[in-house]
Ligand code: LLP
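Before any questions on how it binds or moves, here is one chain, the form predicted on its own, in structure tokens.
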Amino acid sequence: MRRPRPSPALRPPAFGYHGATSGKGAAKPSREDLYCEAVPLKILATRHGTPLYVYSAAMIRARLNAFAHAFRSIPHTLCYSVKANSTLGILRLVAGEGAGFDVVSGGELQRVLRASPKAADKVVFSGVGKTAAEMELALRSGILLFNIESASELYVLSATARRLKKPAAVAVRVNPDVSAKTHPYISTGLHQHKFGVPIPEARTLYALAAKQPYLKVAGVSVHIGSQITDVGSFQEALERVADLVRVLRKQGHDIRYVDAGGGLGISYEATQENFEKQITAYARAVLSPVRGLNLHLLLEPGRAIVGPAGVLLTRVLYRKTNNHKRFLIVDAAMNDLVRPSLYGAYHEIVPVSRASRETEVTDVVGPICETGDFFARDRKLPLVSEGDLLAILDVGAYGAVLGSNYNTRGRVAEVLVDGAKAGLIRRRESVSDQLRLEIS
């Protein structure tokens, strides 16, 4: 048997097919198996069961390094957006590469502190509904910056900081009224959205913050949404932020940071675009408005780091035909990956082992008692049989982290692959785990 050879990669450097020939003298591989780095995915499915999330450490590192390279011309800190994927194994990997974190809850902050206590001074706390208890945790932990989103929040933080006698560095998150040109559920930069404050109102908040003895004005923050592929939206928002920085400095505020937020999108269809080219265009759009301002830039990527680094493995339970409508019923469900049901999101689906070139048009659906429990509709896929494995691609962000226990289904296991090593980073949740907190 010949050594496996790679076919064109699906998601380099993470996922690709390797073919094995059926015998000596065979001209072509008889079957191609999907690998994560050097590990066959079918081996992981056998070892850990399905559904199963699998992540590539190489992909995560490569994308973190691409950000660092693209923004090397300016002082900056990459604050990974924890809400994209908050599994501790992922957070440890990100922290190990020197990154900080963007959190939006006290729970996320506790995850960061568990994964990397030393990372606290590179944490930015965002979100519209911070409680006094969450603020206290953040102050005691010594985080880098609070992004303030309302006058009421400013007063609560001021009172909490005064009570603890711990100063809080603050930025006001401005709403620049810039369209992110993305799904309305994940667009945050227009005036009708709950996030941030209009720029004229922000000036008033900065004046209020400067009068509070334990608040230290330190920056300006902006975040206009998620899954943004038009980098012009970033440039437009940062141009308005740069103008505000100049005004605030003239008013005597010590603006040292600009938090440019996150939101850089990925391609969910077919082969990923050249990420280095994409990140270069993004960096140009962000850096152009702030050059010459002598600032430290904060960046909050999430999806762009981990999105393509994850797949969801699922096994075909049944094939079914209703009249001429075909279904593949799989063991994963909307509680494991809700994006198709919630957003109508597209995820490429491929067989883990492919041998046949025959195709069919089918729906890929889960076992939950909802018509909305689907991963693909009328999708042209290679013909597969009951018991075969499928891989749903680009689920590293907003996949497992959005999981639920609907239908009393347990959250799935998660595995992190690093070269030829594969380690379990979350055990599969049992029914007993779910019932443990309930009082019967």
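From 1 onward, residues are counted along the sequence shown. It should be emphasised that the depicted structure is a prediction, and the values quoted were computed from it without experimental measurement.
One more form of this protein, predicted in complex with this ligand, exists but is not displayed; see below.
Shown here without its partner, the chain carries P51, P351 and V384, none of which come within 4.5 Å of this ligand in the model of the complex through any heavy atom. Put simply, R203 is far from this ligand in the model of the complex: not one heavy atom of it is within 4.5 Å. This ligand in the model of the complex is not approached by K216, whose heavy atoms all lie more than 4.5 angstroms from it. Residue contact with this ligand in the model of the complex: A62 places no heavy atom within 4.5 Å of it. In the model of the complex, this ligand sits beyond 4.5 Å of every heavy atom of R315. This chain lacks the partner; the member of A58, V39, A70, L402 within 4.5 angstroms of this ligand in the model of the complex by a non-hydrogen atom is L402. Of the residues given (A332, V172, I90, L264), L264 alone sits with a heavy atom within 4.5 Å of this ligand in the model of the complex.
Annotated contact segment (heavy atom within 4.5 Å of this ligand in the model of the complex): 218 to 226, selected among 218 to 226, 315 to 323, 134 to 142, 241 to 249. Contacts of stretch 201 to 217 with this ligand in the model of the complex, defined by any heavy atom lying within 4.5 Å, are made by none of its residues.
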